[in-house]
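Take a look at this single chain, the form predicted on its own, given in structure tokens.
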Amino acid sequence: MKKKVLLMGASGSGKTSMRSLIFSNNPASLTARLGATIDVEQNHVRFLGDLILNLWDCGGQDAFMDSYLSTQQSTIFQHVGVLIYVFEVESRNREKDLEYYRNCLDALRRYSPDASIFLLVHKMDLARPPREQVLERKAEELRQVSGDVPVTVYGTTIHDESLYKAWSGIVHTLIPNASVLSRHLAILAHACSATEVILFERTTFLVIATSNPPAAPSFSAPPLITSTPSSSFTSNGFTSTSTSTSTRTTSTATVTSQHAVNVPEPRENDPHQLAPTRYERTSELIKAFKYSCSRVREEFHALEMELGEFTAVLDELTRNTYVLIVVHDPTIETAALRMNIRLARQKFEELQGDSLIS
């Protein structure tokens, strides 16, 4: 299954840098070396098994934009699944940027009226404080320009987790049955007595689904499970078979782990007060660690953390995904978590295939 994704915006707005950061595992420090995109650069990114993102990175120079909107219009805007339009927050050509955007909307209405539209207000690190108000004003302006076309607006920068938040939200719309994956992650979380289970795409480490499924428009976490079973997987899910009573000594290292896709403030009845930016922050940290491994010619396979406050296991779940299990019960062994991951693999391979076929 192929999905055509248009990445558009003015020259210098940061399109190629974010593509390099998300899909090529390059750190933000290396993006300054990238040159401007000439005309259209197409990349076929195998994102999730048989889901292929046909990514069109469109150069933003005036001559190219004029060509896209005239002689190349049908080629560029036909069969588009997603349009990602990037606006530089401190652009000096605001009116021209908005004019090109309006013209792109008109072309999209004509050739791909069902396309989803995401607007990224980029380089937020350069905005003058208070940045939240700057983003709010810019988002309201873009919604007015968009008229009756539904759009989703994100504020982003390559220097924090906000870019992962945006792209995770975008990719989530391309997976038809992500809610089914979330339900089975909740079953896995219950079996492991986990606080949360997160599913990442293998290459980009973008968040695909979590055990806390989105309940329009925000995520709501299931009740915390306090029992400590080790479990076996059946065709209907996990079934608890025994209880672990062993204890262990934990290290004193600290890890930052946060998230951000349309998540409400931590609930009063949540004893762990999970940070609202934990998912994308985790993506960012894991990709940075993978890059460090590649620098010393080592391959990244799995990760275990046994800390004073929580235990986390990150391991391969399917050929195209990693799963992160986080538990706060100190009696649960990492070996039990790894066993449940192994038992779950076949079921999630089937679910992943079903989600892409449907």
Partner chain sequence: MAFIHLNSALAFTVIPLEIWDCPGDIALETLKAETPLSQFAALIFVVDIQDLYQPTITKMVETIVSLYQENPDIDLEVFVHKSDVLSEEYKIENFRHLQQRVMDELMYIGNEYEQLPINFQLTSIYDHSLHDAFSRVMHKLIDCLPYLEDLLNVFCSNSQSSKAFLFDINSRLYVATDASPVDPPTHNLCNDYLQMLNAFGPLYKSITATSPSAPRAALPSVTPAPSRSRTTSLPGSTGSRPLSTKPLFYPSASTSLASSTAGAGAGTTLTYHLITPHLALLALIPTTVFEARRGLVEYNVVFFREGVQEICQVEEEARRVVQT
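Positions refer to the first chain, counted from 1. Fair warning: this is a prediction, and the values are worked out from it, not measured in the lab.
Beyond what is shown, the protein has a form predicted together with the partner chain; the following relates to that form.
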| property | result |
| --- | --- |
| Exercise: residue 296 in contact with the partner chain in the predicted complex, heavy atom 4.5 Å | yes |
| Partner proximity in the predicted complex: residue 328 to the partner chain, non-hydrogen atom cutoff 4.5 Å | yes |
| Residue 64, heavy atom within 4.5 angstroms of the partner chain in the predicted complex | no |
| Contact flag, residue 69 vs the partner chain in the predicted complex, heavy atom cut 4.5 Å | no |
| Complete contact of 196, 311 and 340 with the partner chain in the predicted complex (any heavy atom, 4.5 Å) | yes |
| Contact stretch among 151-159, 179-187, 83-91, 276-284 - heavy atom within 4.5 Å of the partner chain in the predicted complex | 276-284 |
